[in-house]
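Heads up, the chain below is alone and in the form predicted on its own; it's given as structure tokens.
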């Protein structure tokens, strides 16, 4: 079968890799000048920074492990660094293991006791779709849903937990299906954050190098159905015919292409909202308190548009020159961005509020991730279902809006999709 994949991000490239291994003829079109989409590792004065995810969750024997092994992509695991939630005007440690939360100052005693009852909570059916906050409150208690969840979700999806579907974090329903979240985590094992050698951008680069036909700088502009159950795609002066077209594109881009051939799908995909976020990368003198630190997330009611900061130089020491600490701060998202956070001075003031000993930045740079994060609001399941059911034979749509926000979610979803 001949397949044309539109989109050279990690989703499209990994899909092409799976199909090529199965013996199919695959061509990939990527609109940008290079592969990777938002997943790029960009050079910066003696190091680099990530425009997309900082790392990927890995565990031996999983889809991530299998893919990394097959494409010979080595990685390093920084370990379980310190993590905090900014709340009540101070940074409160977040223990690495759920049982240790019993001794954390994040939640009152009643909330901790309720959380420990989770294994005894009855399993609920998948339908009707449940909100993310409602799911967590049902299984772990309102204390976790109001005191811990908002910061964690804001740091991943840059959106309020109360507007999201439980499908925003697919692992939750998968774990509950085993009887409880505790049981699901125990059966599945604990995953660890890892960073590929050379940064996350090496993943799409290595995938593209394994493929026979990847074209960059080529954006699809039109899809047409042909009488012989084939498809014609045109764009950038190129025309290609194929038995199958796979759109590995954000929902809004796929919707624009599908309007004339699959109006139901186009309407459903156009209804999936996306979130933009501002990223500030900064370099400072090292701080002992952040030496072995993953970073900190801010409880949204206190963040006022500042979502938190990671410490990439702990996760990936190659990203910064020796003796330099690199931070990555997240601003805005669905929470909005106040005027004072438009400039580095305002962002630095927020950082100083939570880390008073932080020195001035020796270098900084700003990146705007426009419509980079799908926002699976309540009703997301129905939108995805309508989009997939409305697709004609020979056309498919793959995306993190379908499989889940993380790289792990995408790679696991693609393994299941390819069969």
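Keep in mind that what you see is a predicted model, and the values were worked out from it rather than measured. Residue numbers count along the first chain shown, from 1.
Not on display, but discussed next: the form predicted together with a small molecule.
- Contact check at 4.5 Å (heavy atoms) against the small molecule in the predicted complex: none of 159, 199 and 375 pass.
- In terms of contact with the small molecule in the predicted complex, the residue from 82, 172, 261, 193 that brings a heavy atom within 4.5 Å is 193.
- The contact with the small molecule in the predicted complex, taken as any heavy atom within 4.5 Å, belongs to 248 out of 203, 248, 298, 132.
- Although the partner is absent from this view, residue 392 stays clear of the small molecule in the predicted complex, with no non-hydrogen atom inside 4.5 angstroms.
- Taking the partner from the other structure, the small molecule in the predicted complex has a heavy atom within 4.5 Å of a heavy atom of residue 31.
- Using a 4.5 angstroms limit between non-hydrogen atoms, residue 54 touches the small molecule in the predicted complex.
- Looking at residue 341, you'd find every heavy atom of it more than 4.5 angstroms from the small molecule in the predicted complex.
- Just one listed stretch, out of 216-224, 264-272, 141-149, 344-352, contacts the small molecule in the predicted complex at the 4.5 Å heavy atom level, and that stretch is 216-224.
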